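The form predicted alone is given below as one chain in structure tokens.
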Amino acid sequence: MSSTFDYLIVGNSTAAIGAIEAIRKLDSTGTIGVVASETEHTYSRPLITYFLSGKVAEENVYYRPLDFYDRYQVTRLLGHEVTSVDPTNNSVTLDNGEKIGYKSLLLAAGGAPIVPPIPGIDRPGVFFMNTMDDARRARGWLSHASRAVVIGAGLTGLKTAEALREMNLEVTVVELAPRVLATTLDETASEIVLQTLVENGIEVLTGVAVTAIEGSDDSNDVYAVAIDTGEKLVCDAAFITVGVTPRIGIVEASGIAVRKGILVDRHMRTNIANVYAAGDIAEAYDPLTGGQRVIPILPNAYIGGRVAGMNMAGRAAEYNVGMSVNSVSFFHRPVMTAGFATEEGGNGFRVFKRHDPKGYRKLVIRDGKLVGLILTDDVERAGLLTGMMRAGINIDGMEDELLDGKLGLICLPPEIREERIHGRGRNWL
């Protein structure tokens, strides 16, 4: 074994940073190693579409200052994939055959982009939008492009389309589902987002499948995206944004329990005592269901990493958030969703809606508790609402105030006000 660390972290993104900062608060001398497939300094993935369009400079995409690892005494093993994990011998194997030992291990390798079986997907001019390198390569290619097709209308796809439009490209979004953001928004909110995209010059085709990505006659470069209507969408670039999947392949045959992601308890610990997982790779606690889910949300990744780091360093901490929350804007129109946002009533759910010039508001209630919401335009009190969801406050009788957006902190029970003001009970801090 070439080296052994007290704390070994696989991954170099948000969860890893949370863990490193937590470990160093409790242990100033233990050795920390970070293994990551990318050679980049740690950065914020949601910002890569802003980097693509030029709205955010490269140095502002980085998640921490460039001297972060030196200040936190972290050994970097960048540009290497972990190919297997061996809990019996407390080691991981890298793609070059090297074995690295550990006393405690955090798996925070995130998710890999889904590669759909589309003929021509490997042509020059076809890009994913999962890494900084993806964005850099696309940015260079787009300097001589005028039209792009985005395949997939999830959050990454629509933010990519927005970035391309801001670069003055003609943009078409192609989505297999019947509407944009189909797993995140209900029909009303989806239509609001769709109209915002169309008003800003983006063509959106829903209920359509891509059958091939074709090349030009004189080169292999992308020339058109063929769809199942028989049409061909002529373009200079195509972007594949159909989702990501947890990188659970690294624990195959290791004995570490997995489902959709790596299963962890409230301490972010796997079924192996000294092995933890956090971020997009983990299937962690969801306070709305009481079960475990993969929730690829940046704040949850940081908190999960922080909880893991504290437990790795010997201080008991529990993960008590985990809820699915998305807050995004499209051409300056804010949209926020949380929990069971797409529910429409029945099966114990009650739904309240209001759609007026101030925006669209939807509440999903079960057993007297707020368990889902959608807000557009006016999202000022979104943090208060998600706090109520996490705390499981009974909101019977408050529905109208919540729909009006008039409910304030003073309306909450005293113990909840204290928690919101002072952060009591958040032992992951």
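Throughout, we count residues from 1 along the sequence that is shown. Owing to the predicted nature of the structure, the values given are computational and were not obtained by experimental measurement.
One more form of this protein should be noted, the form predicted in complex with a small molecule, which is absent from this view; the next part is about it.
Colleague: Tell me, which of 399, 38, 27, 377 has a heavy atom within 4.5 angstroms of the small molecule in the model of the complex?
Modeller: Contact residue from the list: 38.
Colleague: Among the candidate residues 248, 192, 202, 82, which is the single one with a non-hydrogen atom no more than 4.5 Å from the small molecule in the model of the complex?
Modeller: Contact with the small molecule in the model of the complex is made by 82 alone.
Colleague: Would you please decide whether residue 296 lies within 4.5 angstroms of the small molecule in the model of the complex, comparing each non-hydrogen atom pair?
Modeller: Answer yes; at least one heavy atom of residue 296 falls within 4.5 Å of the small molecule in the model of the complex.
Colleague: Given that the partner is absent here, does residue 362 sit within 4.5 Å of the small molecule in the model of the complex, heavy atoms only?
Modeller: No.
Colleague: Examine residue 387 and determine whether its closest non-hydrogen atom to the small molecule in the model of the complex is within 4.5 angstroms.
Modeller: No, residue 387 stays farther than 4.5 Å from the small molecule in the model of the complex.
Colleague: How about residue 308: is it within 4.5 Å of the small molecule in the model of the complex, going by heavy atoms?
Modeller: The answer is no: residue 308 has no heavy atom within 4.5 Å of the small molecule.
Colleague: Do heavy atoms from each of 11, 46 and 155 fall within 4.5 Å of the small molecule in the model of the complex?
Modeller: Affirmative, all three are within 4.5 Å.
Colleague: Specify the contacting stretch among 334 to 342, 263 to 271, 162 to 170, 129 to 137, defined as having any heavy atom within 4.5 Å of the small molecule in the model of the complex.
Modeller: Going through the listed ranges, the match is 129 to 137.
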